[in-house]
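Shown below, as structure tokens, is a lone chain in the form predicted alone; questions about how it binds or moves come after it.
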């Protein structure tokens, strides 16, 4: 059973500068709602009971956003506004399931995941990357169904343009399970066009085994001097662990760039 999710939030958000020079990108509004709330709603709808946010001291405003009780109580005492009350109650609902851990040095997603080791209770957990929104269908819920059926790790997948493979973790297909799911034989972090084994990219949803922490402890730095979760996944696959690529049916939105952020708001406004 997948009950816990982790969300790495300590990144600097340089692709969204200058907005992120003073504001956490995860709190930027997308169609009037902070981006992180879409991710939280996906988790809750998928049955997740606890969400671990990995932040840094520079991203304390994320924690403050969910712990601003005095601010809301002061306003609600003076002004009985149903909309403000509803917003505060929603934040209180989120607050009950969120736990915070810190990654103060930007050493990569793998290092961020390792910070959560002592909090993960079950054999598997969910990880979501906040820049990747998937709308119209709950990708995490579908992945959990695949996990329950196959008792294996699962990663969200979509085909990307061959010219863009260097942006993603790219995997090789070992065997087709059905029209939406594939056994993965290998995965490479941000390969060049010539080195990419396919154009099947891993998107920001993962169901990972607890064993990955032991791999991350000894994982050497990879591209860009960072510790990549993909490299530890690659090692687990070599050790015989089953990883499934799940080709999701929802619509993918990249809200981590200026153009993607604007487009995300436009697409969500159509729902």
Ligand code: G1P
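These figures come from a predicted structure and were not determined experimentally. Numbering follows the first chain given and starts at 1.
One more form of this protein, predicted together with the ligand, exists but is not displayed; see below.
Judged by heavy atoms within 4.5 Å of the ligand in the predicted complex, the contact stretch among the candidates 137-145, 182-190, 97-105, 70-78 is 182-190. Comment: the ligand is not present in this chain, but in the predicted complex one of 237, 51, 203, 27 has a heavy atom within 4.5 Å of it, namely 203. With the partner omitted from this view, the residue of 196, 91, 152, 129 that lies near the ligand in the predicted complex is 129 [heavy atom within 4.5 Å].
At a distance threshold of 4.5 angstroms between non-hydrogen atoms, residue 258 is out of contact with the ligand in the predicted complex. At a distance threshold of 4.5 angstroms between non-hydrogen atoms, residue 232 is out of contact with the ligand in the predicted complex. In the predicted complex, residue 15 approaches the ligand with a heavy atom inside 4.5 Å. By the criterion of a heavy atom within 4.5 Å, residue 167 is counted among the residues contacting the ligand in the predicted complex. Contact annotation for 42-61: no residue has a non-hydrogen atom within 4.5 angstroms of the ligand in the predicted complex.
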